[in-house]
Structures are given as structure tokens and as C-alpha cells.
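This document opens with one chain alone, in C-alpha cells, the form predicted alone.
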Amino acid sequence: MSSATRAQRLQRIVVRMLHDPALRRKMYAEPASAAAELGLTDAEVAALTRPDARAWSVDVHRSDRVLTALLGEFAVSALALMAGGVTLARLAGFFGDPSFHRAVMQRESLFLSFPEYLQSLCTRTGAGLARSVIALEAAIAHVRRATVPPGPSGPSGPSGSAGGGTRWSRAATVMPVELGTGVLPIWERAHAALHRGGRDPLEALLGKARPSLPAARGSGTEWVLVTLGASGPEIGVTGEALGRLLLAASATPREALVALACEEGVSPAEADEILDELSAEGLIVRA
């Protein structure tokens, strides 16, 4: 490992220590164990623990600010979890979770790793609403951060420039989500209530007039499609067949997508037309 790479690694471990008190305690109390766990040398651990341990927590609100930003995008998820007894302290437990540490080390967006932690909190019976809401807000967060602009990618049929052998993927600006029946209108009402008047959703979550969530009705599922529009993520209801087809499109040969579409009862010619339409609408792109 080059010196530059090791310096970057140390910098990321510093970020982890700034947010995770348990990691800091281990670094100071069990340096040899911490070194082995983190792949550090004794000299690197010594450098990290040279300052007084109290110096790491001088800014007592550092993690609070990050959590506030995360909850700004996952407000309804937090509301659903808190309705089930999850406390704000447990939500803040993200900073000690492997999903947080992995995101820091791999330079992933915390907004894309936070929902993984939230899903791990859905342990109580009847947490289906929370799971669906987290999945929806995770899709919105993903699409919001997509770097590929939506737009047509040209013909994809056998007679076009992307004939046999071409692989296709779902556009980064598109995310299908399977939700529990009735979850979408519940999310829409709760989201509006938490953000009413431009207020900070965290204030609503912690206030005495915290919005309530009705129970989702029905035991079935429905699909929605989150796409990136001109002013941000947009949500629309879609069919299960299209949702599953888009989920399957991940550097997938065209022939495999045609076969998948045919499983829904369409002919190969109709499947070709469907893929051409998805390509023209920018929902699938050449991998």
C-alpha cells in the first residue's frame, strides 16, 4: 500500500473515530487489538491516540448535525420507526454500525448506507410499513444522487445499433420499489405533515404534535417507479412486470430481457417493442 493510500485510509479512520465513541475507546484502551482490526501499524495507532482522548469529542454536536441531515431525507422512515418504539438514540446508533464504517472507508454516500441501518431496526412484529417507507425513501435518495441525466438512448431492437449481444442496465435515474398496499398515500401525507411550512422535520419528529401514521391496509404489494425529473425525484405507480424487468436489467443481455418479458405472456416481437420503448424513454441504457 502506497504512502498516499495509507494517508487516505488514516484520514477515513479519523472520520470514524470522530463519530464513534466506541471505536475511540478501543483505540485508547486496546491499541493492539484495534491495530489488528483496522489494519494499522503500531506507529499509526500511536499517532492517532497521541492527543488527549477528550479532544475527539470537543465538538459535541458533530454527529447530531450529520444525523439531522440524514433525517431530513428519511423523516417518514424515522417517524415509522419511532411509532414502533425506536428512540432517537437508536437512530444515532448508525455511527457505530458497520454500514456507517463501510461507507466512510469506501467513500460511499451516508445517505445510501443509512437506510441499510434503518432496515436493521425493523425487528418488531408488524414493521412492514416501516420497511416499505424506508425502501421508498432509499430509492428517492438514490435517484436524487444519480449522476447520469435521464434521456433517450436510441433504438435497442435487433435491427437497431444495439442488436444481439448488447447488454442493458436500468438507468441510474430510475428505481422501481415494491411497497405494501396503500403505503404510498400514507407516505405522501406523512411527508407533507413533517415538512409543512418549510419546517425542519426533526422538530416535528421530536415535538409534542408529532404526526401519527395510520396502519397500512391489505396484505398485498404494489410497485412504484422513482425517476429523476426536472425538479427532482418523481414517484409514479407502475406495474409489477415492469418493476421486475427494470430490476433485472443490470448489464443483462437483451435476449435475457426479452425472455423475461415473454414470461408475462407477450410475444418476442412485443417484448422487442417494450424494450425499444424503455430505451427511448431513458429507463434502460446500454451497459
Partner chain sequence: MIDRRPNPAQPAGAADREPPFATRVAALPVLGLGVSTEYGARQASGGLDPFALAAAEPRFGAFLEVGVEVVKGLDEDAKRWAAAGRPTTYHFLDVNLDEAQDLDPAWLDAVRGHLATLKPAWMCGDAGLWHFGPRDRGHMLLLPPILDDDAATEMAHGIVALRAALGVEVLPENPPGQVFIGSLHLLDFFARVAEQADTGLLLDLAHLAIYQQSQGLPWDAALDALPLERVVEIHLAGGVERQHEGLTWIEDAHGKDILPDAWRLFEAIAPRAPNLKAVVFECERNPMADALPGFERIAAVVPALAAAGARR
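As the structure is a computational prediction, the values presented were derived from the model and not from experiment. Numbering follows the first chain given and starts at 1.
Note that the form predicted in complex with its partner chain isn't included here; everything after this is about it.
Screening Thr252, Thr221, Ser57, Thr238 for any heavy atom within 4.5 Å of its partner chain in the model of the complex leaves a single hit, Ser57. Listed residues Ala259, Ala47, Ala29, Ala32 were compared with its partner chain in the model of the complex; Ala47 is the one with a heavy atom within 4.5 Å. Contact here is defined as any heavy atom lying within 4.5 Å of its partner chain in the model of the complex, and by that definition each of Leu10, Leu18 and Pro51 is a contact residue. Note on the interface: of 205-213, 128-136, 114-122, 68-76, the segment with non-hydrogen atoms within 4.5 angstroms of its partner chain in the model of the complex is 68-76.
Although the partner is absent here, Arg102 sits far enough away that none of its heavy atoms falls within 4.5 Å of its partner chain in the model of the complex. At a distance threshold of 4.5 angstroms between non-hydrogen atoms, Arg107 is in contact with its partner chain in the model of the complex. Although the partner is absent here, Arg244 is not a contact residue: none of its heavy atoms lies within 4.5 angstroms of its partner chain in the model of the complex. When its partner chain is considered in the model of the complex, Arg6 lines it closely, a heavy atom lying within 4.5 Å.
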